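Same chain, two versions here, written out as structure tokens and called structure 1 and structure 2.
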Structure 1
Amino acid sequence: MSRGSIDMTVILSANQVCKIFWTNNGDRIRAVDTVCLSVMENDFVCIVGPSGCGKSTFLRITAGLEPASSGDVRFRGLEIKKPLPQIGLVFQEYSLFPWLPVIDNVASGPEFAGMKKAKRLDLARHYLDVVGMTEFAAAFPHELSGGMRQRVAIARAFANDPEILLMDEPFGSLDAHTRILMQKELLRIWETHRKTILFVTHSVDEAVYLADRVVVMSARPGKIKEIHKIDMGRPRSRANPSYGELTDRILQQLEQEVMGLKN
């Protein structure tokens, strides 16, 4: 199932992106440091890096929720200044609307866009089915487990049909088994719907399983340390020697970063 290099259009480009935060007591925190990254149409890019290195911040800038301090992120050449319907984001933290039942949560993007009720509920039902949450359509978020909520959040992002999907540790709260199922499901959706995915994860194994390219970030301030291209075809087997080799290499790089942070 190798996809070759048919789509070579750059859909997303980060140019020298820096982000500086000012804390309440006047300290400067450099969260993102001159990040340059080009994402091709239909690419699956994973970002791994030590905690606090600015991964979420970078995704927020890309989603148009936060301005970069310098540099810019462009969608098809146009600078992203506010959220665009073509770019979706699955948040790292809990983000469902607690007053809406699951189905209305999933339908909320189409609702904002003015889609008729019957149509958007059909759409929502379809995506609930995709993430295996159909029987919870009428439940409220507080009735779901953490992993189930995250699946609903993913369905909600899909239902908005974005071209680019930014995902911030979406499977972090899932058990190992569900996680593997969801990874497969995500690959299936990505392949059938031809989306571009930028996926942050703490799991190197997950990154190597999913991505066309794995971006390794350094400890804060977050710079790109290395980008690994993965040429293995899909579905990937964790038994494949190059799978283990690559996982090992990336883990070692991360370890260096975390140790460097401590010293």
Structure 2
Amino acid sequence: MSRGSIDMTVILSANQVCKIFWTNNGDRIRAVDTVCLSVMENDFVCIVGPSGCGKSTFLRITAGLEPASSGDVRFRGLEIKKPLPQIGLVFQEYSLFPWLPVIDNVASGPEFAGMKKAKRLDLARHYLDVVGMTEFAAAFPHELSGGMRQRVAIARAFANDPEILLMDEPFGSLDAHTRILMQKELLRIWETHRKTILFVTHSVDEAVYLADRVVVMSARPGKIKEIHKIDMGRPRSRANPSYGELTDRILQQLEQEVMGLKN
């Protein structure tokens, strides 16, 4: 895949972001610590790190779903204090409305925005076609497999026309084969519609396969340990020695963090 010219405009910036939680016992837990990250327009960035390192917390702060304890995240220079229509979300749980058929799920965002019915249904049909779900437009979420529901969730996110798509372990519950198919599908959609994607995953292989850059976070409190720029073209072959070498290097970094927790 070729993306043509790359826009180097910073669309999202995290500046010294910290997040502190307090337990019922009054204990202070620092979940995220001084995270600084710039994401360029049309960039595909994956975040990996040990369990509990604050990846999802950082994504929720970026989405405007919870505040940072200090520091801030900015969209085009403006501090994010609440969810924005320019920032879309896709979670592992699919988050579909169970009482709506597929086409109305995909059209729900444009409906909330006041788009007329005929136009929003045309838009929904377009994105269902993009993700290969046109024939299931009248089905309900409970009638679909996990992979199919995730396709619908992605179609719904794109139908909202966000500038940035935040994805939190969107393929984590899928079987291995479906996960690989969904990775390829996501890259195809991303190439076509040129969105900016910030993607949290536990899978190093998935991160190396998808991303322009892989952000490795430390164990809690989560800091950025290293950012790997991936110079391999797309589609990527897992048989490429460079692919294996980078995957192994990141896995070693994560293992060091996990072992540090045990010591």
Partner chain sequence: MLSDSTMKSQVTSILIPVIVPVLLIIVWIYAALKIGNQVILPPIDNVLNLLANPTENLISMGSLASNITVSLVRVLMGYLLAASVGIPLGVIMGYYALVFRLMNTFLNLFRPIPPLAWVPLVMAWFGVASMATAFGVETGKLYIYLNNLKFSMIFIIFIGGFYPILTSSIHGVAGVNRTLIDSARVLGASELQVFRKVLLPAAMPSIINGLRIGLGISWMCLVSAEMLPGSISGVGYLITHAYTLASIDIVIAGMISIGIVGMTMDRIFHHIENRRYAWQRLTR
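In this text the structure is predicted, and so the values were computed from the model without any measurement. All residue numbers here follow the sequence of structure 1, with the first residue given the number 1. We call the rigid core the largest set of C-alpha positions that still match within 1.5 Å between the two forms.
inquiry  = Quick check on the two chains I just loaded: which one is the form predicted in complex with its partner chain, 1 or 2?
reply    = The chain shown first - structure 1 - is the form that fits the description.
Did Phe136 shift 2 Å or more between structure 1 and structure 2, C-alpha, core superposed = Indeed, Phe136 is displaced by 2 Å or more.
Threshold 2 Å Cα movement between structure 1 and structure 2 at Pro101, rigid core reference = Indeed, Pro101 is displaced by 2 Å or more.
query = Fitting the rigid core first, would the Cα of Gly147 be found 2 Å or more away between structure 1 and structure 2?
reply = For Gly147, whose C-alpha is compared between structure 1 and structure 2 after core superposition, the shift is 2 Å or more.
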